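Quick heads-up: it's one chain on its own, the form predicted alone, in C-alpha cells.
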Amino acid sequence: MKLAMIYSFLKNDLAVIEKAVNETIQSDNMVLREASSQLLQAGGKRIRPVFVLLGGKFGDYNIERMKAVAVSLELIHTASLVHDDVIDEAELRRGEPTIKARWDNRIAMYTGDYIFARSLENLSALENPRAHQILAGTMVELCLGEIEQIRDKYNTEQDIRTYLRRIKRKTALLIAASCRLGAIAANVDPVHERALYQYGYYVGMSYQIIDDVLDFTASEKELGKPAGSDLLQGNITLPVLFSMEDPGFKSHLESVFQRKEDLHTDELAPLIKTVQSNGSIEKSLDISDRYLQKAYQSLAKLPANRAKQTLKGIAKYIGKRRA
C-alpha cells in the first residue's frame, strides 16, 4: 500500500494546503519565485501537513486554522532542504537539480531564508502565542542540528548519542511539532496534545534512521540521488557508527576521508558493501523499531477515532519502508 492511501480521507484538505503552500511562496521577484517553486514542484510526501491535520482531528477541527499551521510547517521543512543542499553540495533532490545546482549557493541561501520568512508570516494568521513560541523553539533546534551536522562532517570520533541528538533536532522535533501544533490549533485536550507530540517525536526518530539506512540499501532511482550520498558528503549515520565498532573499518574510513575534497563514490564502494553485509543495517533497523514501539505506546493514550488508526497505519508503513 502506498503511504498516501493510508490518509486518503484527507485528500481534499491536503489539496487546499498544497494550493496555499504554492500561493504563499509567490514573489514579485522572478528568481525568488522560480527558485522557491522548483523544490515544491518536484513533489514530496507532505507528511508534516498530514501530521498537522491528524493532530487536529482530536479536537475542534477547522481547516482554516489547520491550513495556517500546515503551510508553515511544510515551508520550514522545504527551507531546511534548500539550505541542506548548499551544505552538502548536493546536485539532485527528488531526482531534480537542486536550487544551488540550477542557480548558485547565494541564490539558494537567500531562497531558503525567504521561505523561512514566509512560513513565519503565514503562521501569524493563528492568534496563539504558545503556537508561535513552540514553532520558534523548533526552528532554533533545527538550526542547532544543522550546525552539529556541519561540525561532525568526516568526524569519526562521534558516537551514537551524538547521532541521535542530531537527528532529533534535524528531523524528529519538526514532526513532533507538526502533531503538537495541529492539536493546539484545534484546542485538543493537553493530555492528548502531549501524547501526539510524543508520537511525532518517536515516529520522526524512526523515520530518519530508516532514511539513513535506505541511503545504503535503496537504488539511485528510488532515492532520487546517488546511493551512498551521505557518506560521500562526510555525514556519518547510524549504520556507519555501528560499522566503526570494527577498528579495521574505522581505519579504512579515516584513510578515505583524508581525501574528502576529492572523494569519489568508487572509493567508498568497498566500505558501502561492508556496511550492507556486516549486520549494521539490521542493528540500525532494530533501533528504529524500538522508537516505533514507543510511538505505538503514545497512541494508546489517545481516544479511538479514524485519525488514531491513520497514525498507527503511518507508523506501520514507516517501519516497513524500504524506498
Partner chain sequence: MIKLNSSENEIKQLKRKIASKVRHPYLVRFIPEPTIDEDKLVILSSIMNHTNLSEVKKEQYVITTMLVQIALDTHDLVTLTDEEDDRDIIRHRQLTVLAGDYYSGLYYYLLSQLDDIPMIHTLAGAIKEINELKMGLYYKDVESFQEFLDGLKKIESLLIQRVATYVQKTAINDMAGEWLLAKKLLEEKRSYQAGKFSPLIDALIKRPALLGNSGQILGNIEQTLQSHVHRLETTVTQLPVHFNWLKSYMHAAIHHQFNHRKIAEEG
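Since the model is a prediction, treat every value here as computed from it, not as a measurement. Positions refer to the first chain, counted from 1. Here, rigid core means the biggest group of C-alpha atoms that superpose within 1.5 Å across both forms.
Another form, the form predicted together with the partner chain, is not on view; read the next lines as being about it.
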Original post:
When the partner chain is placed as it is in the predicted complex, which of 190 to 198, 140 to 148, 241 to 249, 210 to 218 ends up with heavy atoms within 4.5 Å of it?
Top reply: 140 to 148
Subject >> Residues F116, L120 and P129 all lining the partner chain in the predicted complex, heavy atom within 4.5 Å >> reply: yes
Original post:
Is the gap between S27 and the partner chain in the predicted complex 4.5 Å or less for some heavy atom pair?
Top reply: yes
Subject >> I63 within 4.5 Å of the partner chain in the predicted complex, heavy atoms >> reply: no
**OP:** May I ask you to state whether I160 is within 4.5 Å of the partner chain in the predicted complex, using heavy atom distances?
**Re:** no
Original post:
in the predicted complex, does K153 have a heavy atom within 4.5 Å of the partner chain?
Top reply: yes
Original post:
Pick from L40, L32, L285, V256: which has a non-hydrogen atom within 4.5 Å of the partner chain in the predicted complex?
Top reply: L32
Original post:
Looking at K170, H77, K100, R93, which has any heavy atom no more than 4.5 Å from the partner chain in the predicted complex?
Top reply: K100
Original post:
Once everything's superposed on the core, is D212 shifted 2 Å or more at the Cα between the shown form and the other one?
Top reply: no
Original post:
Under a superposition restricted to the rigid core, does F249 display a Cα displacement of 2 angstroms or more between the shown form and the other one?
Top reply: no
**OP:** Could you tell me whether the Cα atom of Y154 shifts by at least 2 Å between the shown form and the other one after core superposition?
**Re:** no
